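Presented as structure tokens, the chain that follows is alone, the form predicted on its own.
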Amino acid sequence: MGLESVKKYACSAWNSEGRKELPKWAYRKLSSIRTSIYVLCLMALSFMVGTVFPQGESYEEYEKAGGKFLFFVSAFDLLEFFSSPLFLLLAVVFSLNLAICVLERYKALFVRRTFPKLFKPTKSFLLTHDRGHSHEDVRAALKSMKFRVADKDGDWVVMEKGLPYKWLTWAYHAGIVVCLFGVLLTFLFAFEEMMTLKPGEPQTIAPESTGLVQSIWQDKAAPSDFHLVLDKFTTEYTEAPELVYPDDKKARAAIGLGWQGLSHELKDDSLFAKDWWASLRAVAGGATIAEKKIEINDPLELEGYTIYLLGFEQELKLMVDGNPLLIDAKADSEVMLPNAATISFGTLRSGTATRVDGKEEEFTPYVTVRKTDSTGDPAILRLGDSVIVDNVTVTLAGFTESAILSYRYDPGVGVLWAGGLVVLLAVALRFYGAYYLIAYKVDDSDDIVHLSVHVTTKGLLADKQKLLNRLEARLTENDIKPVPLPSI
């Protein structure tokens, strides 16, 4: 047979048999536990790669910062690895593997279970039951203990109690599939942007971007049908004394050895922020459709958007030498005064404070101010008060606090929550739920009935010995117990 004949034979064999066997081979591989282990190892390695290489950073910045392995970073797109074709291919293979495993496990749920013909007895004891009713009495006792029959065709009768582990295992895998579907929805449809909302200035959510799928037919998402209004932004502070740590080495050594106690002092600026919140309203057609006081990790959800509070922005209104024309300045910034030095402002403090004695009060807003080239302690500038800098009087005439918001559209969040709850519930029931499988055999060939019991348990709350004791007590409760003779 010549070379050409061999090639023709191989091609014909592939055309006839290979195309039929390839899908079966791929299905077998994707349903294999070994494939799952390989894919999980590769996923773990990919997450390590995403941790080592800074994601989202440009290649030029990475190169300027002295990054290593530039060829591999460029070739495999390691700075955007979680959106690279390599990672997406790995995620698709993992999803297919998991979905096929769930399908196979679902089919197995309805396959008749097989049990061994022989069991090693966990415990054996004698019964005084009537020979003709011993089988029924044992089964009735187990049914009264909430056991159900799993197999009664062999010499050993098998009964079980609790949630079968095969259902929990399937629910666990199905929950992960649901989570992956939620991740897919997030990847395809989610987008997020930021906005700065000022008091008394309603704004409409008008995204300049959109999700991956929506970008096919539109450049940006449609604006919302409602306006957001910031009614109030408030910061909650707590007053705490500051530790006074001495400069003298001997005094520090005495504190370290316990010879001298620590001392504290309460300064004018001894307030520490513990929480901040923004009171939001959503208005549509002149009516309020939603209202909530949002905090960090406590967003407002409305019409598919989740609105988070990220931070705040503070603007100061300054009056210089009594001039009614106010100067706008931002907190935590520097301001050059007319014919004077440059001054630096700290963070504006406004809101409520919990004092050392436990009382809560709303205090007069203030800000720390100092000359930029000064090394001394800053001055406290309260609302309506003034400070003099190089013969220039600076008055804090007013201020504005705006909320920095992040709004996110993500249809996968609800799916992720549902799948995650299923996974957590299935795992919890697997670890803590009590499952019992009991196999028993009654030997009544002689006058004395002999019962052999085999017990298998799963779950941390399952107690094998307690079950055996209950069963023996239930079956022997009517036996005549020997009573000791009274002592003479």
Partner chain sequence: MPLDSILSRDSFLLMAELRLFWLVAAFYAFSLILHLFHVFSRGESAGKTANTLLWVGAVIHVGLITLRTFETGRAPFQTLYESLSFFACSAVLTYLFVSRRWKGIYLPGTLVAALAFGACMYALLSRSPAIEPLSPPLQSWWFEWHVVLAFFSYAVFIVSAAVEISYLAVKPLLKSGDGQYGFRADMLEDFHGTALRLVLFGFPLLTFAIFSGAAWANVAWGRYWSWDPKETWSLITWTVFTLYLHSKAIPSMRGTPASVFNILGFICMLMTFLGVNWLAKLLGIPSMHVYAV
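No experiment lies behind these values; they were computed from the predicted model shown. Residue numbers count along the first chain shown, from 1. What we label the rigid core is the largest C-alpha set whose atoms superpose within 1.5 Å from one form to the other.
The following text describes the form predicted in complex with the partner chain, which does not appear among the structures shown.
Residues with any non-hydrogen atom within 4.5 angstroms of the partner chain in the predicted complex fall in just one of 395-403, 314-322, 411-419, 202-210: 411-419. For the marked spot (179, 274 and 424), a heavy atom within 4.5 Å of the partner chain in the predicted complex is present in each of the three residues. Not displayed here, the partner chain is approached by residue 52 to within 4.5 Å at the level of heavy atoms in the predicted complex.
At a distance threshold of 4.5 angstroms between non-hydrogen atoms, residue 107 is out of contact with the partner chain in the predicted complex. The closest heavy atom approach of residue 76 to the partner chain in the predicted complex falls outside 4.5 Å. In the predicted complex, the partner chain sits within 4.5 Å of a heavy atom of residue 432.
Out of the listed residues 192, 225, 334, 151, 192 is the one that sits within 4.5 Å of the partner chain in the predicted complex by at least one heavy atom. This chain appears without its partner; in the predicted complex, the one residue of 114, 297, 375, 364 with a heavy atom within 4.5 Å of the partner chain is 297. Put the two forms on the same core and the Cα of residue 250 is off by 2 Å or more between this form and the one not shown. Once the rigid core is overlaid between this form and the one not shown, residue 462 counts among the residues whose Cα shifts by 2 Å or more.
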